[in-house]
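Next up: a single chain in structure tokens, the form predicted alone.
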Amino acid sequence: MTASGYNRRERPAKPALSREGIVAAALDVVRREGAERVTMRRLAKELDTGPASLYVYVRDTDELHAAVLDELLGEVPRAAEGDWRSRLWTVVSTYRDVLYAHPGLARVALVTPLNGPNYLAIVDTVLGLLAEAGVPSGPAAWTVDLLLLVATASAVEHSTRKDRPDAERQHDALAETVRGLSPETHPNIVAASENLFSGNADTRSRWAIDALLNGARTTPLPD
């Protein structure tokens, strides 16, 4: 017995550390407080251990964020009803929406090569839909990268605007500048001014995907 009358051997044992447990704890922090709060030091405190213990299972914070993102990408459907184009839009837009909901992880997806099982399942699904659309395997391999890059960039742009309180004012200032341009000095901008700011994020994203798909079906890879 100790001085307090408590035998240390009677304490419940801490759960053994594992990669799965570390990722699950990080995911919990992301959902409660955002990806920016996920650090090795913070997780070590959550798991009642030292930061050095975590590096046995996870190389660094970037790898941890990528693993958390892959868990969230499990929400992206592998199949849906409708024609191939509708199903493809469902997959890509849901992928984008996951990143919209977790801005810090959207930036991770833009700069970190992802290789988790859920991400690879998305790539495989998109490749299957592209094959169904008649896109040859070579262009399809390049197109899947472009489709997910467009969705990721859209999410990063969206999150950046959310983090900047003056983003709306800057957008309005740009629109006002364009409206004030002279057709003599900027004839092409003035001619396109009605559409430069038209559409919302969703319609623009869908148009971008349609444009990519149409081009992929008719553009061969270079020799």
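One rule holds for the numbers: they count along the sequence shown, beginning at 1. If you superpose the two forms and keep the largest set of C-alpha atoms that fall within 1.5 Å, you have the rigid core. Just so it is clear, the model here is predicted, and its values are computed rather than measured.
Absent from the display: the form predicted together with a further copy of the same chain. The rest refers to it.
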May I ask whether Gly50, Glu75 and Ser93 all come within 4.5 angstroms of a further copy of the same chain in the model of the complex, judged by heavy atoms?
no
Proximity of Ser18 to a further copy of the same chain in the model of the complex, heavy atoms at 4.5 Å
no
Mark Asp28 yes when one of its heavy atoms lies within 4.5 Å of a heavy atom of a further copy of the same chain in the model of the complex, and no otherwise.
no
Heavy atom to heavy atom, is Leu146 within 4.5 Å of a further copy of the same chain in the model of the complex?
yes
Touches a further copy of the same chain in the model of the complex: Pro113 (any heavy atom, 4.5 Å):
yes
Can you list, in sequence order, the residues from 198-215 that come within 4.5 Å of a further copy of the same chain in the model of the complex, counting heavy atoms only?
Ser198, Gly199, Thr203, Arg204, Trp207, Ala208, Asp210, Ala211, Leu212, Asn214, Gly215
Quick one: once the rigid core is lined up, does Arg31 have its C-alpha move by 2 Å or more between the shown form and the other one?
no
Core-superposed C-alpha of Arg179 shifting 2 Å or more between the shown form and the other one
yes
After fitting the core, Ser193 CA displacement of 2 Å or more between the shown form and the other one:
yes
